[in-house]
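In structure tokens, one chain follows: the form predicted on its own.
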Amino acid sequence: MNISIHNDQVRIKNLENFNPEHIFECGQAFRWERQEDGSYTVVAFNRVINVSLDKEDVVIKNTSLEDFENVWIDYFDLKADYKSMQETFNEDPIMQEAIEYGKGIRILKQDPFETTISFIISANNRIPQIKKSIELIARTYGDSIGFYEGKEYFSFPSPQALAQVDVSELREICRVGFRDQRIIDVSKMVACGDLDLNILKERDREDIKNVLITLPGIGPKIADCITLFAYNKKDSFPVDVWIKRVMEFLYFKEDVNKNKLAMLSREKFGPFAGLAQQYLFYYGRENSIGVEK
């Protein structure tokens, strides 16, 4: 990986397995916009960046070398060797096809509180509506973090800010539906110190999940998502409708209970089960695998 910086952009050469489309379109994050030129404008950690490919180079605009080193290297999981992880699936022809389709996927390391609230909103919800609700929450209760390309962007609100919001106001303005009280309850737990999401970073997948499933609005699937996308526990295997279809169609050839499917998939794919899940989810959803026609 070779880094150069000019004005407000970082250019990365010789970085394998990085494609913004694969990273942001695979269901792991919600605060992004695809631009007409194919680039992605992303809000994370109170910053706005634009990410694109220029031939084989990765270009991150609206950033500094300091932020790249202190924020974006971890956010994009750039220290991880994805080629070596992919090679653990070499004996699986189905995985080889899925990897080839979405080989630019990387598991983002996102903020634990924002990720927790975002995936509470994701329950029984479609991605466009999830994105809309999160954007409304940021614009209504977050802080302005400046303009980029003529548009103003807002931070995701702190637990303290969300904890003070009226439940009916949150539902009406931000269109979160039945998830309103759950969002407020979790925000209050974090704001008052009853729940420290950051300390969970030091625990293993099972311990983190056991804490998360005690929270309002968080079941096994959402807990697995948070464990994977906020804490980067790559042995987590979230099972939603799409991945259930894909695994049953491509591997099990029969209906399998979601919790059992998650367990069997972790056994099958090992320490990188979460990465396998992302390849299979993206490949399956984009190609409507397992959907009756």
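Since the structure is predicted, the reported quantities are computational estimates derived from the model, not experimental observations. In this text, residue numbers run from 1 along the sequence as written.
FYI, the form predicted in complex with the DNA isn't displayed, but the following is about it.
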Practice task
Could you tell me if all three of 124, 179 and 242 have a heavy atom no more than 4.5 Å from the DNA in the predicted complex?
Solution key: yes
Only one of 147-155, 203-211, 116-124, 69-77 has residues with a heavy atom within 4.5 Å of the DNA in the predicted complex, and that stretch is 116-124
Exercise. Even though the DNA is not shown here, does residue 189 get within 4.5 Å of it in the predicted complex, heavy atoms only?
Worked result: no
message = I'd like to know if residue 257 sits close to the DNA in the predicted complex, meaning any non-hydrogen atom pair within 4.5 angstroms.
response = yes
**Study point:** Interface membership of residue 106, the DNA in the predicted complex, 4.5 Å heavy atom rule
**Key:** no
Inset, instruction - Give a yes or no for residue 11: in the predicted complex, does one of its heavy atoms lie within 4.5 Å of a heavy atom belonging to the DNA? - result: no
In the predicted complex, the residue from 85, 163, 195, 215 with a non-hydrogen atom within 4.5 Å of the DNA is 215
The listed residue (134, 98, 222, 183) that reaches within 4.5 Å of the DNA in the predicted complex by any heavy atom is 222
Taking the DNA in the predicted complex and a 4.5 Å non-hydrogen atom cutoff, the residues of 8-27 making contact are 26, 27
